[in-house]
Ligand SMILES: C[S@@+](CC[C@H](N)C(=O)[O-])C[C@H]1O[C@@H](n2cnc3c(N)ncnc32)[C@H](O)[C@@H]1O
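Below, in structure tokens: the form predicted on its own, a single chain.
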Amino acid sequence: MSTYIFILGKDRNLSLAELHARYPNGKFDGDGDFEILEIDQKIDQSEFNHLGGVIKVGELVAIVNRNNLSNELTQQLIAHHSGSKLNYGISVYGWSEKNLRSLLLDMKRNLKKEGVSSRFINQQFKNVSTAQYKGLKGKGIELLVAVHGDDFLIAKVIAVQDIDSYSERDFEKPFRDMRVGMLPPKLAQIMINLAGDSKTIWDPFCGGGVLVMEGLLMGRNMLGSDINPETFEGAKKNVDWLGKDADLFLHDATQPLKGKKFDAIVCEGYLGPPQTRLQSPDRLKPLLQELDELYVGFFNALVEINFKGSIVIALPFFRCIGNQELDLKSTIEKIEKMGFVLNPKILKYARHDQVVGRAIYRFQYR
């Protein structure tokens, strides 16, 4: 068994839901901006690349009290000294970053006493960023200090988010359509993980194929369909650009899909036309009716083919005038009456300035 400390992304609930779904047999503990996971599985950069909701992960190497923290950090750093200049970084969680300055200067003095020439990479005495770690990897070490109760947990960073790879897949793929919701690759990964260990996944609203692409990179067999020929062709171009193969086809999601085998559905449905300003709830009623017809039709089609697998679907919610929020509550109630059981924890994803956000629902047919 190994113990890891995961540094969570800005959407804590999403990050935790993803970790619990991907590691259902793990023992979890933690609070705030990190989670402790004890598990009989190796976590490395390759495995970490399949997680969209966490920033970095470290493997636990020591647990100490406050009085022994400086000495233990010094010993951990010396153990990684190869004879040349030691480059290192220290990041703290569950503890104010104000403590970093004295901690880093303590390390510098302690290492000098031990005859170790060293340099810390923390800029302005702040936590190490993923970009900074990229320059450190292979040339030094980053240690995490996570305060949990009265304990100070020390972990060696073993993986961080590959921000360059995400950026490439998000912005450099050949087809992008700004007229529809641009699903971030990280969120696509989270949604795929929320479907559990499903091997073959269908995205019935695939658009430009973001979910299909991320599923392929995560080793899943992917089916993708869309009713729009233009976006369907775009999805094919994007999958070809990725150098992968998927089963892509034109299909109306409100009609039963027959002759295809899959054990989970993961998708982002139609969110409606782009919204640039807050509306009143009354102005949104026609759009809600349109979305209701679409999604009731889609779930009726699933009933007709007797689909029993997991369904993870992102549907819109709307921020309205007067600090109100509007979602597809009545539509969800209709879906539940068809026999689909809703996971009670609804996850939301939206930037603070977005008018339209994503509510992520998880269903299972009885």
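Since we're looking at a predicted model, the values are computed, not measured. Quick note: we count residues from 1 along the sequence shown, nothing fancier.
The same protein also exists as the form predicted together with the ligand; that form is not shown, yet it is the one meant from here on.
S.K.: Pick from 127, 275, 228, 161: which residue has any heavy atom within 4.5 angstroms of the ligand in the predicted bound form?
M.R.: By the 4.5 Å criterion, the partner-contacting residue is 228.
S.K.: In the predicted bound form, which of the listed residues (93, 205, 152, 120) lies with a heavy atom within 4.5 Å of the ligand?
M.R.: Contact residue from the list: 205.
S.K.: Do residue 209 and the ligand come within 4.5 Å of each other in the predicted bound form, heavy atoms counted?
M.R.: Yes, contact at 4.5 Å.
S.K.: How about residue 268: is it within 4.5 Å of the ligand in the predicted bound form, going by heavy atoms?
M.R.: Contact check for residue 268: yes, within 4.5 Å of the ligand in the predicted bound form.
S.K.: Classify residue 81 as contacting or not contacting the ligand in the predicted bound form by the rule of any non-hydrogen atom within 4.5 angstroms, answering yes or no.
M.R.: No, no contact at 4.5 Å.
S.K.: Is there a heavy atom of residue 105 no more than 4.5 Å from a heavy atom of the ligand in the predicted bound form?
M.R.: Contact with the ligand, no.
S.K.: Would you check whether the ligand, in the predicted bound form, lies within 4.5 angstroms of a non-hydrogen atom from each of 183, 252 and 294?
M.R.: Yes, each of 183, 252 and 294 comes within 4.5 Å of the ligand in the predicted bound form.
S.K.: Okay, which stretch from 220-228, 106-114, 138-146, 275-283 lines the ligand in the predicted bound form, with non-hydrogen atoms inside 4.5 Å?
M.R.: Comparing against the ligand in the predicted bound form, the contact stretch is 220-228.
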